[in-house]
Every structure is written in C-alpha cells, then in structure tokens.
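For reference, the chain that follows is the form predicted alone, supplied as structure tokens.
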Amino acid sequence: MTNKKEIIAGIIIIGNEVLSGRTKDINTSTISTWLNSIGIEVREVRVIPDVEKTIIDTVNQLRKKFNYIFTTGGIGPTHDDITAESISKAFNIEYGFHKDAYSILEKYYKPGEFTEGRQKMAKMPTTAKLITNPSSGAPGFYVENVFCLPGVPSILKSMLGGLNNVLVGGDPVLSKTLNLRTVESEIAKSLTDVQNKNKDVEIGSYPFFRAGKLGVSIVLRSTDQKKIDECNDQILQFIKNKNIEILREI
C-alpha cells in the first residue's frame, strides 16, 4: 500500500518496568492509532531498558530511518528517569534547566511544593521545543524529529493533540471491518485472491473467540475510500457464495 505522500514513524518504549512485565504497554496502541488518523504509518516499535547507551544508540539509529520518532517514559522526577539526559547526548546538546519548562512547572506547583525532584522534570536539552501537558503540568519536549513523551498512558494521551499542528502527515489511513462467523482456513484462498487484485488496500484477517463461538475479523485499510469499497464488495461476493454469516459491519 502506498500513500501519495508516505510519512513513516518509529516508537521507542523506554522502561525496565515494561520489559519486566510489571507495566503493560498501551502507549504503542495509543500513539499508533493517533498517527494513523493523521496519515503517518508506524513501521517499527522497540522496547528498551533505562540504559543510557541503549537509549542514545536506538534514538540515533531510528531518527535517521524514519520521519518521526516517539519515545515514551523516563522523563519523570526519579533517579532512573534518564531519557532527557540521554536525548541531550544523542544530539550533542547541553542538558540543563529549560527556561520555559522551569517557568511552567514553577507556576504549576504551590509555593514550597516545587521540590528538587520536581525541578528535575524541567531538565532536558536546553534548546528543545516543548510539548504542552494539559494533565499534570510537566511538559514533554522534542528535538528535530524526536518527540519525548511521558510513560503514564493517560498523560501521554492528553498531550498528543498538541502535536497535530507540528507533524506533517500523509493521507489519513481509512479502515473498514467485517466480522464473520467462520474460520480463517475457509476464507484464506478467496481473501488472497482479493488481495492480489487490490494492491492499494491492506487486508488483515484476525481470528476471535467471543461468547463461545469462533469468528474472523477482516480489516481493510487504505488511504482511498473508493478502493476500500471496491475491495469490500468483492469480499461480500465470496462471503455470499460460501453462505458465511456476517456478524457485524463497522
């Protein structure tokens, strides 16, 4: 599938707690869904530990490979939050108090509450641009094409909207889903035939098990609604011929 204007991204999930399984990663899904809606396709996701060299190497590798990189985690107030300093080193920019970030946080907290730990959240590459945080005050930041967001899912989600005008997207990716009462083996050949005739539509099939019954979701994705509709019609045709029950169209 080719966008008229193809913009691609990578995601780096930073945190030992994700690798150990203590924390479930839902940020990948949140960021990917949002990027899809503005026409940016996620091509790679990496989960890495809170290790400075690993962060630097991964960021430097992926920022050359993709139009945009998003990192999550490691920009909080504790000793193991080392993402901001690692990004400074990756870009060879001074790490220290960001004047505007410090000012935002100083105003956010009541007198006496802006502790040393909280002040650390204003330390980042000193020339970085800020990402507004409507949830908890502490801003994210970006340098060139690398955008650094917090690991807390609800806070991260609240910050994404502020980047809509910063990113240059491609054509938004549209989708349609068909839920069928069938098994993959029954539709595999017919689905392959349809895919071969519709190169500009990405067709995915995903088995599910609901209310004690098996089924398959077919998801069509493309930047062109007309092509999705044509593909959908072809699928409906073979579904009808095979007498397969449609559970729900989305």
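Small disclaimer: the values here were computed from a predicted structure and weren't measured. Start at 1 and count along the sequence shown; that's the residue number.
Omitted from view is the form predicted together with a further copy of the same chain, to which the following refers.
For the chain shown alone, Ser20 is a contact residue for a further copy of the same chain in the predicted bound form, at least one non-hydrogen atom being within 4.5 angstroms. Looking at Ser185, you'd find a heavy atom of it within 4.5 angstroms of a further copy of the same chain in the predicted bound form. With a 4.5 Å cutoff on heavy atoms, Ile26 counts as touching a further copy of the same chain in the predicted bound form. Within 4.5 Å of any heavy atom of a further copy of the same chain in the predicted bound form lies no heavy atom of Arg181. Only one of Glu106, Asp80, Asp100, Glu144 lies close to a further copy of the same chain in the predicted bound form, with a heavy atom inside 4.5 Å, and it is Asp80. Shown here without its partner, the chain carries Thr126, Pro134 and Asn164, none of which come within 4.5 Å of a further copy of the same chain in the predicted bound form through any heavy atom. If you take 185 to 206 and check each residue for a heavy atom within 4.5 Å of a further copy of the same chain in the predicted bound form, you get Ser185, Glu186, Ala188, Lys189, Leu191, Thr192, Gln195, Glu202, Ile203, Gly204, Ser205, Tyr206, in sequence order.
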